[in-house]
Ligand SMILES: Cc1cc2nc3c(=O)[nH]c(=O)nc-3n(C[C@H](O)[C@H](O)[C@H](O)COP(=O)(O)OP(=O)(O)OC[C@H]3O[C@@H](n4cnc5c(N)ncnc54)[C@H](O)[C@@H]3O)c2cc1C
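Presented as structure tokens, the chain that follows is alone, the form predicted on its own.
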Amino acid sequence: MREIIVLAEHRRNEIRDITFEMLTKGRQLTETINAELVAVILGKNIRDKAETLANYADKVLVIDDDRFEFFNSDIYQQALSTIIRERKPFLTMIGHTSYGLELAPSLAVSLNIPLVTDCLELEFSNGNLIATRQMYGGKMYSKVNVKKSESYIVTIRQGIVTPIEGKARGEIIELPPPVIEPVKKKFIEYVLPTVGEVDISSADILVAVGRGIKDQANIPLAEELAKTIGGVVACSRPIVDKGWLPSDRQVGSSGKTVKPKLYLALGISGAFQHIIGMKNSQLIIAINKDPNAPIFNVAHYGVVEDLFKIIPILIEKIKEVRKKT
């Protein structure tokens, strides 16, 4: 039976969300082409992570070895090349992350397999792989009919697929440590990026402002609303371009991908670039005085009104309710 392989990405002892997103998409694809879903994880002392992955995949291939304690694209490439040559999967999925961007191109070249990067969607038609990608900074979407091949490698953008809790009970297969040729690249240390005042990617509630906020002097109003409902303020790109909020607050294709429980969009029109970064939020409420604003196409609830009329009322009503509880 054909296989779809998903490379599990983990960092600092945690499996990253992109892994579960790819496994969810991989499961959907296996149902259309009658294939098995196989997760591959490389690392040190990773049995517990393999157990977690077994809930999502039909098989989990594990290489537990000191050499894989930290990510090294040269070592990963050698191990994965061996696995792919032996198993000949129809598709190998890798996250479009700092890891994947370093690993996928060299892996594809070494195997002479077609590579499609930064995929938003995948489908099969008459045995061909069709990938949806963004072009021109998100202003256009294109469907790429990939050259027919026995095997493909793709990188998947984060935040595009909502992970579905696994119900499988896959077989865990421990592979022997592979022969690895000496490499020049060495892991030295993790250097974490500077953490801003808030991390919007981990917030449960976001109050996002766009051009409709009109002036930097009005942002404290959004901050008061966010504080009242226990959230934090985010924004669209124009707000960052004006210097009204720092770049770590930006949502969108050139900012951060977020999936909060509540996304309250204030005065955001809803350009492609912004929508791609927040469309998987659990609940989206949009306030915009333009009834034709694209944000309403993804919002679960919408209010067509001037946000400066709505926000003070919201703050007042929420405070009233809290006083009664």
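Residue numbers run from 1 along the displayed sequence. Throughout, rigid core stands for the largest set of C-alpha atoms superposing within 1.5 Å between the two forms. Just so it is clear, the structure is predicted and the values come from calculations on it, not from any experiment.
This protein has a second form, the form predicted together with this ligand, left out of what is shown; the following refers to that one.
- For the chain shown alone, Gly267 is a contact residue for this ligand in the predicted bound form, at least one non-hydrogen atom being within 4.5 angstroms.
- Remark: Gly255 counts among the residues lining this ligand in the predicted bound form, judged by a heavy atom distance of 4.5 Å or less.
- Shown alone here, Ala271 lies within 4.5 Å of this ligand in the predicted bound form, counting heavy atoms only.
- Using a 4.5 angstroms limit between non-hydrogen atoms, Arg237 touches this ligand in the predicted bound form.
- The candidate site formed by Val251, Ile287 and Leu307 is fully in contact with this ligand in the predicted bound form, as each residue has a non-hydrogen atom within 4.5 angstroms of it.
- From the list 83-91, 69-77, 174-182, 211-219, the contact stretch for this ligand in the predicted bound form under a 4.5 Å heavy atom rule is 211-219.
- Residue Ala293 is the only one of Ala35, Ala293, Ile46, Leu61 with a heavy atom lying within 4.5 Å of this ligand in the predicted bound form.
- Core-superposed comparison between this form and the one not shown: CA of Glu51 displaced by less than 2 Å.
- Core-superposed comparison between this form and the one not shown: CA of Phe71 displaced by less than 2 Å.
- With a cut-off of 2 Å and the rigid core superposed, Lys242 has a Cα displacement that reaches or exceeds the cut-off between this form and the one not shown.
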